[in-house]
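Just one chain follows, in the form predicted alone, and it is written as structure tokens.
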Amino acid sequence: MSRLESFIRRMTAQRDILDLVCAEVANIEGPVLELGLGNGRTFHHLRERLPGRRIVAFDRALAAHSSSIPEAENLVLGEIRETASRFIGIDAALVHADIGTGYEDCDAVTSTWLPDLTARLLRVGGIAVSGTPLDHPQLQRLPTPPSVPADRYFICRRV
């Protein structure tokens, strides 16, 4: 599969999953945390799907399109592992983590800290969506929509 086709499949999966979970997240109290703002596409999508909801975005550096930059108080720059740790206990309704690199060695390192961080950011009953697996005893894996290929994206609930 070409890299372009892979990107399209990833974006389609991301959209389908976010549309699915946003309907549920709308009824769960707490902020939304976007781990990996990037160019801001997902932030913009979440803002449209969850109007009025506080969305805090994290990234190493600001690279988002001007229409997709959160307010200064909801933008946290620096190493995500460190900056997001300061939000442990915030009881997020949703944590979306799109910080995979596509390089197995780098993503393996992320997998050593992302699941625990995600579990500690979420409220009980909150939802996590990630491009990398979130194997953790407090995160129960949920099924993805039929349109999403197996192991392309992951949905979990904090138990």
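Nothing here was measured: the structure is a model prediction, and the numbers come from that model. In case it trips you up, residue 1 is the first one in the sequence shown, and so on.
The protein also exists as the form predicted in complex with a small molecule; that form is not presented, and the subsequent description refers to it.
Can you work out which of Arg123, Arg49, Arg60, Arg53 has a heavy atom no more than 4.5 Å from the small molecule in the predicted complex?
Looking at Arg123, Arg49, Arg60, Arg53 one by one, just Arg60 meets the 4.5 Å heavy-atom criterion.
If contact means any heavy atom within 4.5 Å, which of 128-136, 91-99, 24-32, 115-123 contacts the small molecule in the predicted complex?
Single hit among the candidates: 91-99.
Though only this chain appears here, would Glu79 touch the small molecule in the predicted complex if you measure heavy atom gaps against 4.5 Å?
The answer is yes: Glu79 has a heavy atom within 4.5 Å of the small molecule.
Would you check, heavy atoms only and a 4.5 Å threshold, whether Gly40 touches the small molecule in the predicted complex?
Output for Gly40 is yes: heavy atoms within 4.5 Å of the small molecule.
Proximity of Gln14 to the small molecule in the predicted complex, heavy atoms at 4.5 Å:
Looking in the predicted complex, residue contacts with the small molecule include Gln14, since a heavy atom lies within 4.5 Å.
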